[in-house]
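Here you get one chain, nothing else, as structure tokens; it is the form predicted alone.
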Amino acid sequence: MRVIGLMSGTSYDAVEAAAADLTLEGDVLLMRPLGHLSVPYADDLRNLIAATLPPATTTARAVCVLDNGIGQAFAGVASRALDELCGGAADLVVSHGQTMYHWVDDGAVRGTLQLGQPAWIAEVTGVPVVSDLRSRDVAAGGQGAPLVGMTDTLLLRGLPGVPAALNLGGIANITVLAPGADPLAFDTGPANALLDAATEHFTGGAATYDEDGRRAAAGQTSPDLLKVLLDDPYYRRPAPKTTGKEHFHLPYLRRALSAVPTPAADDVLATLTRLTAVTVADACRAHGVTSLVVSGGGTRNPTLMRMITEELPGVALRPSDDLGLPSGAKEALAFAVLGFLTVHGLPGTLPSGTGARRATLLGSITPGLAPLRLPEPAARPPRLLRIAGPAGRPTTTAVDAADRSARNRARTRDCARTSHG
């Protein structure tokens, strides 16, 4: 089945599309990525999203305008992906939409809202669309996030030690796969959310993010500000847990700044970058993580990656690209996987990752131009994800990576013995 995944994260800067051929063979899900693209939101639409996100107030008209405007934007990107990545033919589009609100009340998620009317996508592409993937998990008592936990688990299974997958978007989330334990997935806290808000604030809107982490690299961590930020009760809540920009936003940062002597702007950015590194590292240490597979926009911030490495000595970090999953397309591909599972009658959640009472089928299906025909339900869910190259040649998978890692360690020991007699 040829599937297009669409995603726009909490940074709401662009719509990401990725396409893949997906096949279920026994308990192995085979993925052949076909490419990905990123299309920035039009300025007026991005500005309206920014003006509507919490803690702003809004109107029903604005929500309607956004639902259709985002849907049209996603439809345009899906159309491009259909032509440029799929040769004009696809079987399914899976749209995450744009998260506008994640309703968390004392640690429990009461509801979630992703906008981007799927009818526009179905009408433009003529392809069935799976959308609104988070709500069913919430209805089953789950957090509705992070939903990448399923794909992460399939990808990590077979790696040695205690592997984890870290995604650095607006919010950072992690999936931990410890031997003999159920997979665990949760949001560790902000990744780019506060950094982007601070950069836009300090530059008067001239910049929307700290490019290459340069300003953070030029600053110094403020111990007082870091202490205030780390005192947030969210970090002490047990997993599974989730958060978002309804919690971590500019007024939140302003309140923290008002409690300490005012640092210079670059020092604030350095402190916020260190906050992400510390909270990620704390989560990894709490669960005994030995290796970390990293993806998301934050991987392009060398200052952030350096700080995470500093906070996690002895833990190997590598991009998801090393396992065959392009870092910039990982979330879009993860949602493509979830939609594929849905139309094959398979659950897309892990109760241990979201806290739901049970694993659920995710999303709603909007038919394309032809009558809706779903595949026969699959006999069993996958346990492993194997990724193949464009010509069908397998790339590095979790098991392959483990074998290669063992060989590398053996070669290193041999070299050490040779060098030291």
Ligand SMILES: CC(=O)N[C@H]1[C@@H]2OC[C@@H](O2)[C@@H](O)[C@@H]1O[C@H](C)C(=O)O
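Position 1 is the first residue in the sequence shown; the rest follow in order. The structure presented is a predicted model; accordingly, all values stated were derived computationally and were not measured.
Below: the form predicted together with the named molecule, not depicted.
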property	result
Candidate spot Asp137, Pro183 and Thr349, all three touching the named molecule in the model of the complex (heavy atom, 4.5 Å)	no
Listed residue that, although the named molecule is not shown, lies within 4.5 Å of it in the model of the complex (heavy atoms), from Thr112, Gln117, Ser222, Ser291	Thr112
Option touching the named molecule, based on a heavy atom within 4.5 Å in the model of the complex, out of Ala216, Ile121, Ile171, Ala81	Ile171
Exercise: Leu147 in contact with the named molecule in the model of the complex, heavy atom 4.5 Å	yes
Heavy atom of Val3 within 4.5 Å of the named molecule in the model of the complex	no
Residue contact check: Thr99 to the named molecule in the model of the complex, 4.5 Å heavy atom	yes
Close approach of Phe74 to the named molecule in the model of the complex, 4.5 Å, heavy atom	no
Segment assignment from 171-179, 306-314, 275-283, 261-269: heavy atom within 4.5 Å of the named molecule in the model of the complex	171-179
Interface residues of 321-336 toward the named molecule, as seen in the model of the complex [heavy atoms, 4.5 Å]	Glu331, Phe335
